Structures are given as structure tokens and as C-alpha cells.
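Quick heads-up: it's one chain on its own, the form predicted alone, in C-alpha cells.
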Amino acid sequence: MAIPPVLLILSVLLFFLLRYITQKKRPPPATKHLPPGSMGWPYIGETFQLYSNNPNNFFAEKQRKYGAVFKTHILGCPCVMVSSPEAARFVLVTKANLFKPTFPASKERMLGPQAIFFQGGDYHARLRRLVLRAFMPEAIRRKIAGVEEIAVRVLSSCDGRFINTFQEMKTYALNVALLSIFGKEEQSCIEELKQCYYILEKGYNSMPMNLPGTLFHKAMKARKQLGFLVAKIISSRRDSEAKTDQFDAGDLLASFMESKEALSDDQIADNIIGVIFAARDTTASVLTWILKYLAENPSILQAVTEEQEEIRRSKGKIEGDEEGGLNWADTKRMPVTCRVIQETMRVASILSFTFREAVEDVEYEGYLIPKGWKVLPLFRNIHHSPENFPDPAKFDPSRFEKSPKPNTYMPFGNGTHACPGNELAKLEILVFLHHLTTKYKWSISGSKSGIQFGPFALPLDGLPIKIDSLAEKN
């Protein structure tokens, strides 16, 4: 049952009030050196201004009024927002040791406190090394056949139907993520694991009230069950490895279990659930926007289709309608498609910003960033600056025929906390677009305009489309 808006607002106000009462008070820092900006209402700040409309309008208006560095107060926290390439690099790369990643405590509880997102120092470096080992090109190239099988299956299931693009792309991205994590051998618990994850994700943005019947309570129960299921899969993998005396480091679970750097079962569970969280909605969002932009730009769709048809013809046919599968070399023959992906990630800017927290008082360009304040590099503002990308609202993949200016394009973040799964994401998008453009047509149904936020920016209603096989016209 949907929660009435008035009740939701009252719940948010109550949450902020309780946090204010219980929070240890700290004298506010001197304001004379703080960046310009406004802090809104006491404690609540400007949270409602941010989330009652398009958040990107909020950021853009603040930047126009105060410049590239400004202060505000959202989600119960004083913040400094930065919207220049130089400032973003300062926070994420040059002085990254002065800013730690930060997330709401409720999200940490759901994903697991030992997940890579919440870490720094040696433990983070160790986790990142293990994730990269499973997601670098030399590892994921062995997964192409499996990814392709998933793409073909998803498209076949959509044939002749009206679909919610985002929901179908979430299914695709989740299946690819599970393949990359567990391989094809650990299927006994996968369906139950999916069902638990569906319950968990519904609670990601809920109020952190662990009371029976609430989304948060249901999510925490599902998270506990997910831990049991991952432990069961780990035990099964250990039994298999003991019998064969072999260790295949081709998937993420194998990388986490490798004897020289093995993690505890709890650490593995936290990071596996974290990887699913990171891989699912973001990739699905990018694919949803790509389908929208291609449908709205026929000449660009034609260029992508011609490129993919050429690859398809080069594969030849083996028996009847069957074709040779894609390989790693094929994915390197898709420059037009790659530029479409790049431009989609710039225009849509799925990751509009990221959170950091100052671990000590920091000075930047004469401004004070006090210890404990949140710092938000605004990627979307950087991607939509005319100084960085002329005519920024225009969808123009050709702009990526030459490299962007340094630090102006950060769809996967930047620095040591940049997304380690970006190569896998690009691969699964390329494979999907190959089969979509060469075998199907699609048209947008309903409104073609409008954006919704939940929390990522999406076309309205998840982009309803009708998809049909081209074979029907032959």
C-alpha cells in the first residue's frame, strides 16, 4: 500500500528531529571562510528543495548563483558541492586521502559493513585488487558466450510485447552480474538468491525504521537470508575445489576465495551483495537511455545498425539461421556503438554525483571545508558544462571521436574509488546492442518526454516500448 505524501513528509521530519536530538552537538565552524551558498531551514536544510523536483535543476541553479564551489545542507548534513573538473579531481584524486567515501548508515547495514564502498586504506586496496582481477578484460573475455546467451534469451522473451525497458534491463544486468560472480556452476541457489535480492532492493531508499511490516524490516530479513545463501554457495564451491584440486579464478567468487588473499565468508557476502547493487541499476539505466536516444535519432541508429550488421555478416552462418558467436575481437570493431555508449553516459549522467566526507579541515581555493562535512562532486554539472562539451544538451556521439578534456568526463567516477566493473558494463551493453539492432526493431509508446528519479535519472515510466523481431517481416 502506498504511503500518503503527507505521512511520508512527517516521517522524514520526525527522523530529522530525532537525529538532531540524539546527535552529539558540535560547535558550528566559523563561517567567514566557508564557500558561498545557503543552508535552508535548521537541520532539515534544503532537502525538500532538492528532492521535490528535478535534483539537477537544484544543482544547476546553485551553480549559477554561487559558482563552482558552494555550500548547502541536505539529508541532515552540511555539504560542500563542487562542479568544476579541477575541484572534482582535488576531492577524488589529488587529495583523496582527505576525503573518505560515505553512505547513509541504513545502506551500509543492508549491503554489509565490509563491502568495498565503505572502505579505505589497505583493506580497500585489497578488495579493489580482487574485484579487478575478476573484471579486467583478460577475465571477462571468457564470459562473452555466457553474456551473449543471456542477451539472446532476454530479447527473445520481449519479442512481440510491450515492455518496461528499465525493468527488463534490470533483469538482464542482474543475470550478467550473477554469471560474473558465480559462473555457470553455482545455480542451485540462484533463483532463491534473486528473490531475496528483489526484496532487499525495495528497502534501499526506505526510512531506516526496523519495525515489522516496514520495507526496511523486510529488507533486513532478506539481507540475512542472502548471507545464508552466499555461505551455502561458498561451501559448495569449497567442496568442489577440494575434489578437483583446481582453482578457476575466472569469476568473482573464485577471486575472493583465492588462498593467498582469501576473505572471510562474511566479507565475501558483503562484497558480493555490494557488487550486485552496483552492477544492476546503473547498467540497466544506461541501456534504457540508449534505447530512448537511438529511437529518437534515426540516423545514429542506422549508423550503429550498419556497424553491427557488418560484424554479423563477417561471422557467417553455420547451420540454418545460427551464427557464430561474438568474440573479444568483435567488440573492438564497434567504435560507433562505443561512442553512443559514451555520449549516453554523458547526457544521462546516471551517476549525477558521489558522496565524500572531509576527514579533517581542508582548504580549497581559499574556502574552508570543515571536518565532517559532506563533499559532493557534481558529475552531471561537469558533463553538461558548455565549456567542456559544446551544445551539451544535444545527443551527439561524434563528439567522442576525439578525447574529452582531462577530468571533464567521469561516468564511472574517478580515483581509487572509481567503478572497477566498467569493462564488464561496457561489454554487456555492446553484446546486447549487437543482437538488438541486427534482429529487432522497437518503438516508444506513450509520452516520449519526462524524467523520473528513483534514485537514478530514468525516462518517464521506465521507457515503455514495443519490441518486435525483424524476422517477422522476412
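One rule holds for the numbers: they count along the sequence shown, beginning at 1. These figures come from a predicted structure and were not determined experimentally.
There is another form of the same protein, the form predicted together with ligand HEM; it is not shown, and what comes next is about it.
V275 is the sole member of M334, V275, L378, A348 with a non-hydrogen atom lying within 4.5 angstroms of ligand HEM in the model of the complex. When ligand HEM is considered in the model of the complex, only one residue from H384, R128, R109, R237 comes within 4.5 Å through any heavy atom, namely R128.
P55 falls outside the set of residues with a heavy atom inside 4.5 Å of ligand HEM in the model of the complex.
Residue contact check for C419: one or more of its heavy atoms lie within 4.5 Å of ligand HEM in the model of the complex. Within 4.5 Å of some heavy atom of ligand HEM in the model of the complex lies at least one heavy atom of F135. Contact check for Q267: no non-hydrogen atom falls within 4.5 Å of ligand HEM in the model of the complex. Only one of 226-234, 384-392, 276-284, 154-162 places residue heavy atoms within 4.5 angstroms of ligand HEM in the model of the complex, namely 276-284. Each of R356, P411 and A425 is positioned with at least one heavy atom within 4.5 Å of ligand HEM in the model of the complex.
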